[in-house]
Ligand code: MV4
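Next comes just one chain, in structure tokens: the form predicted alone.
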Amino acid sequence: MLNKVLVANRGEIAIRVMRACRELGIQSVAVYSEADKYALFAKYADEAYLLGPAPASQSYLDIDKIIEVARICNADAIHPGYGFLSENPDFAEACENAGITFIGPPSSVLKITGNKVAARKEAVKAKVPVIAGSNEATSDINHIKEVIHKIGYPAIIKLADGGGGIGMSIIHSEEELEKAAATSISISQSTFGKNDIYIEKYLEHPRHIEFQILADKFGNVVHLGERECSIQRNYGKIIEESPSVALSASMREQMGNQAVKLARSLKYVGAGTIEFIFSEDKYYFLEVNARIQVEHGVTEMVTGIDIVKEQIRIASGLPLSVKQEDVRLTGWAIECRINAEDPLANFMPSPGTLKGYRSPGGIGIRVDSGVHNGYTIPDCYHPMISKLIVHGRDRKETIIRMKRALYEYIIIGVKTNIILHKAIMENPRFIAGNLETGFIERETGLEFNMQRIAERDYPLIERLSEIFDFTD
């Protein structure tokens, strides 16, 4: 087993990894920027080292500095969390060259999964269904037109590198094509230094369903069921749940087997997800996320399997602790991402000091957070406050429990998207499980309901605010 793990990340995911280390008897090391000097994760770790100024390029993205700290503190492994350097093959390779265990897939795998066209080719090779589209990245507008002539409109332009919807454009006609392609190419060049884009057929009302996989160094691969990630805004996930109402037991087994097959083909090692687009009872490979996912907690709630511990066990050279026949989905879990942003002002970030903070509790409630009362949310990183994860015996009970948990969640001092989550939990389409990736854009009544809910629930906030100290 590993002895000391440096966590090359911040916030709630850093604490999540450190908790797993503590339970395994492994020392943890935090690295932090000047903006995170007083953050909880930097205090929770056994050791903590300053990386540099707040900009990520000078701290959390500085490979040389992180490797240097790992050498100074004699860490034998680095866990990258998610985001930042988690899927960067250069970082994994730097760890390998330094003799430091990278808790994630090898750099050779990351070089494939980090490029959507290369990953698509692997899916084709493994005979996993893919959406009609281009098989090569290009910046040639004539080639793009040829592909669209074959697949038809609507189509979607994507960057070969990157994720989170960066540079995506949906096009419905040739009049939109050249401008959209030029925009995507420009974003690719400025973000990744490449002009690589590709085209796929756009499905109008798809679901986004991903399968959690675990793979060890001995060729053992399992999946832990699916997560429904269709509630998104600007291609970014907001609510996730497991299992999905859309999948029958036979479809779950079929898609899970395909995910395992692709992982084997990739020679994957570690935790990750195989992501699919699901529409009209058909599924198509979307991408591989070669890291721990933000929403991994919903899978842990329904399976009882600690995914981060499995990551650490795999990196330590141990076999998986579970076999496929051991995996059972029990009950239902839903996660709401709680962000410091104002959903009534076009989701503008709302950094600032938490003058009052009380997270919900009770049966079936899990809050993964890196904040505390009096903590100042910096303006230089993603404004996530926490992940609220709720488990129940079935979906109906879980939604009711989530509504109760959101009612209890008191955050004073910054605007949050809690009212959006409340509005979604009360939405008839959501309750019925009628989900799609364009849900938020198409549910025009959400804003009105958010205002109504804010007024309705304010009295509780006002009563509880009396217990907080508002002195500056």
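The shown structure was predicted, so the numbers you read here are calculated from the model rather than taken from an experiment. Start at 1 with the first residue shown and count on from there.
The discussion below concerns the form predicted in complex with the ligand, not included here.
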Evaluate Arg401 for contact with the ligand in the model of the complex, applying a 4.5 angstroms cut-off between non-hydrogen atoms, and reply yes or no. no
- Just to confirm, Leu203 within 4.5 Å of the ligand in the model of the complex by heavy atoms? yes
Quiz prompt | Contact flag, Ile156 vs the ligand in the model of the complex, heavy atom cut 4.5 Å | solution = yes
Flag His208 as yes or no: does it have a non-hydrogen atom within 4.5 angstroms of any non-hydrogen atom of the ligand in the model of the complex?
yes
Answer key, the ligand contact in the model of the complex at 4.5 Å (heavy atoms) among Thr303, Gln232, Asn220, Gln189: the residue is Gln232
With the partner omitted here, the residue among Asp76, Asp216, Glu397, Glu287 that in the model of the complex has a heavy atom within 4.5 Å of the ligand is Glu287
Is the ligand close enough to Pro106, Val308 and Ile312 in the model of the complex that each of the three has a heavy atom within 4.5 Å of it?
no
For the ligand in the model of the complex, the stretch among 273-281, 177-185, 316-324, 220-228 with residues bearing a heavy atom within 4.5 Å is 273-281
Looking in the model of the complex, the residues of 408-439 with a heavy atom no more than 4.5 Å from the ligand, listed in order, are Thr437
